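The chain below stands alone, shown as structure tokens; this is the form predicted on its own.
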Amino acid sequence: MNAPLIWIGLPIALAIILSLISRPRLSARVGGILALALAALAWLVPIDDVLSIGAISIKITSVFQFLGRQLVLGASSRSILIVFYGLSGLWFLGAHAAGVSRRLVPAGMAITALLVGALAVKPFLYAALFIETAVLLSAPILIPPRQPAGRGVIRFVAYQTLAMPFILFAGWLLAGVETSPSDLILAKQSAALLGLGFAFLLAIFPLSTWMPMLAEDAPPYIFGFLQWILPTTSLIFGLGFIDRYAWLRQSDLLPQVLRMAGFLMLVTGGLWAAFEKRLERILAYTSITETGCALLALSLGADKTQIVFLLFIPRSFGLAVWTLGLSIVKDQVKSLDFAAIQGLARRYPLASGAILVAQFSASGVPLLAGFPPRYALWDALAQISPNMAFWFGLGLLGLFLSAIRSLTALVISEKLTYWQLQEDWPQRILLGIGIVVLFLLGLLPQMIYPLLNTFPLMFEHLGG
């Protein structure tokens, strides 16, 4: 047996089968269970070691040769497999309640497999092609049925595609830097191209204008799924560059560039969210700040890389809970403008509560999932400079004010309406579980530490 075939080839085949299932509820359940089964398999079965079950011995090898290239999923990749397929399975299980299971589940399974492939391919530069394929596959599911592609979708595909030539050309130059490490001009050129490529890929300010547009055009749940899995993959891909090239890792300029980009995304996203009047655009600005926090964590150096990984799981759960609530609310109103959603919390309290809890979590409110990683990041920045701590706090303050404004809009109503539960039972169960999980991750963050502690093992020099 072969690990890349199990966790890359098999999910792509399963995606084709899932696309043939016409019943939305069944598609969500089957897709979710299959993804969770793949995560459980990665948890329980060792790679490159013999597993004995009675008289039967099984060994899953880590390398698969494909078109002259290698796909490698070793023991150090198990955390990626568990997190990607485990969290994707939870997203799939909630897709029917959000009304997008037929669109998200098959494509989502294939996208997850392709992004796992991006992190497994050797030479790792070919990851850019896997990521681009995933982006192209995600474009059709972002377009509402029987509607033309909006500006947000077009810009999303265009900007993500523009990133690829820069990254590929930078990789070609980096090969020359490896053979001639003293060539400073070549190193600067490759670093500039690499930075520009990742600026497009991660939607670093000012290349993030497409995100609010896409949030307005696309179904919220699908937008949230992509805003979790694509930036997470891109960040791990970027960590691979930093880990591979010593001159890049040891550069004094790299932390400054990452810090500047991170603060730009955090502060601008937070301030725009504070003055925004549409719920879906607030979601987009919050996603921008999440990536900004990750870049700030990257700027702290190899000994603080763990903070980057601490952001992954709270981000996924927060986006899932937020976008599920937003999908339910969006079905009831013509617009998600504050004026149109006034008092909606009285009829849909769980959906509204999920939106608000996720917003407060993203702003770093204590006892919620977003607090532990943000506190660790804030403390690390404060040790470097009080000014950095101030700007970090300002970005979070913007998110907190946006959550307060959302709370006011959802609760206050000019009409006298009684409180009632209009969500159906599956929605109530999923929203309730999601809200509880956001509190549990804030109260007991150590639950996810054993899993995240193995993430640095993927890298030779970054905290491994």
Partner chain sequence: MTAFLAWLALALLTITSAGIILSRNWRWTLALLAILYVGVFISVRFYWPPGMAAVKLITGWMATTILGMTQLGIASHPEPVEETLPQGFPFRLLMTALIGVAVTAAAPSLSGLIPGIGLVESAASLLLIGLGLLYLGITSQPLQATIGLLVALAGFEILYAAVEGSILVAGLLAVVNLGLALTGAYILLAGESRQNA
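Numbering follows the first chain given and starts at 1. From a predicted model like this one, the values you see are computed outputs, not experimental measurements.
Below, we refer to the form predicted together with its partner chain, which is not included among the displayed structures.
- A heavy atom within 4.5 Å of its partner chain in the predicted complex is found for one listed residue only; from V267, A340, A376, L129, this is L129.
- F169 is the sole member of F124, F169, W391, W272 with a non-hydrogen atom lying within 4.5 angstroms of its partner chain in the predicted complex.
- No residue of the trio A40, L248 and S251 has any heavy atom within 4.5 Å of its partner chain in the predicted complex.
- From the list 25-33, 66-74, 431-439, 400-408, the contact stretch for its partner chain in the predicted complex under a 4.5 Å heavy atom rule is 66-74.
- Although the partner is absent here, Q306 is not a contact residue: none of its heavy atoms lies within 4.5 angstroms of its partner chain in the predicted complex.
- Within this chain, L350 is remote from the site of its partner chain in the predicted complex, having no heavy atom within 4.5 Å.
- Taking the partner from the other structure, its partner chain in the predicted complex has no heavy atom within 4.5 Å of any heavy atom of K330.
- The shortest heavy atom separation between P140 and its partner chain in the predicted complex is within 4.5 Å.
- Heavy atoms closer than or equal to 4.5 Å to its partner chain in the predicted complex belong, across 123-156, to the residues L125, Y126, L129, F130, E132, T133, L136, A139, P140, I143, R146, Q147, P148, A149, R151, V153, I154, ordered by sequence position.
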